[in-house]
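Before any questions on binding or motion, here is one chain by itself as C-alpha cells, the form predicted alone.
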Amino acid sequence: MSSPALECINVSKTYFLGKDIEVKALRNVSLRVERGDFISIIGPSGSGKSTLLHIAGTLDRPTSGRVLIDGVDVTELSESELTAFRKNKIGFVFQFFNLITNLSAIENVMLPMLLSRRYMLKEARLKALHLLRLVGFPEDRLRNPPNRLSGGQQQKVAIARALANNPTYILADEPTGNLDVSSSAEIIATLKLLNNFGNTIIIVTHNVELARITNKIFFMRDGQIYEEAPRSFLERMPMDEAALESKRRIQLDILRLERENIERLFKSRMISSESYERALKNLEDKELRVKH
C-alpha cells in the first residue's frame, strides 16, 4: 500500500511573542491526505489554517508532532534539504500569484523545471506549453509578462507552474481570493479538472462555494481541525464533452513527455532503478485515471 501524499501527526505550533506571551496556533492537529484527494480547509481568520498550510508546505516547522510527505518524515530535515524537497514535491498556488515579473508566462512555467536540472530546455518549453494549454491559458499571451495578463490569466500561469515538477500535491492558498466572479469560476473548473486527472489538491479558503467542489471539507477553529462530511465525486463542474476530450488529450501528451524524460534520466544514470520504477508506476496510475 502506498504512503499518503501528506500526513500530519499530532502537530502543534506555538509562537512565542515575548517573555510571557505565547500563541498556540495549532493544537495536536492530525490530517491524512491520500493521493488523488481534493480537500479544502476552511475557518475564520486566526483559526490556524494558514499555519497548517505553511507547515504542510514545509515553509514552517511544528513545535511538536510529525509531518510526512510522500512517506518521508520531513520534520527534522535541514533547511537545505527542505528547500530541495519542497522544490520537487510541493506545488504552490497563491492568492496574489507570485509570478516573476520579468519573465514571460511560458518562462514562469519553465523555471521550476530548469531549476530542478531534470529537464533540458527543449523539454521544459514543450511541457510548459502543454501545461498552459491544459489550464486554458490563451496561446497568444505566452510571451506576455505578468503585468500584461489579467488576474485570471496570471492564476492559470501559477497553476501550470505548480504542476511543472509533478508535485506530490498542490497547495492552493485562497486561489480565487483576488479574482472576479467569472475568473473565479474558470479557476474552480480548472482545479476540479486537474483533480479528475489524478492531481492531489489541498485548498485553504474562506470561499464556501470553492470548498463545496472539493471531495472533503475540513473546518478549523482555535487551532484544531474537524472533518466535515465527504463530498461526492458526482458533484463535478459541467464541461462540454469535446472540451473535456481535448483536455484529456493534452494531459496524456504531458504524461508521454514525462515518460520520455524519465527514460532519458534513467539511461543517463541520473536516477536510480528504484526511482525509475516508482516514477513509471505513478505515470501508469495517472494514465489510467485520465483515460477513465
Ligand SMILES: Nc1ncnc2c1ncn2[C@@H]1O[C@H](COP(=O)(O)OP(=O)(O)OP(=O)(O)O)[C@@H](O)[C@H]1O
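Numbering starts at 1 and follows the sequence shown. No experiment lies behind these values; they were computed from the predicted model shown.
The form predicted together with this ligand is left out here; the points below concern that form.
Using a 4.5 angstroms threshold between heavy atoms, residue 21 stays clear of this ligand in the predicted complex.
Although the partner is absent from this view, residue 25 contacts this ligand in the predicted complex, with a non-hydrogen atom inside 4.5 angstroms. Mapping the unseen interface onto this chain, residue 64 falls outside it, with no heavy atom inside 4.5 Å of this ligand in the predicted complex. Put simply, residue 57 is far from this ligand in the predicted complex: not one heavy atom of it is within 4.5 Å. A heavy atom within 4.5 Å of this ligand in the predicted complex is found for one listed residue only; from 141, 86, 216, 206, this is 206. Between 28-36, 254-262, 66-74, 46-54, the stretch whose residues reach within 4.5 angstroms of this ligand in the predicted complex through a non-hydrogen atom is 46-54.
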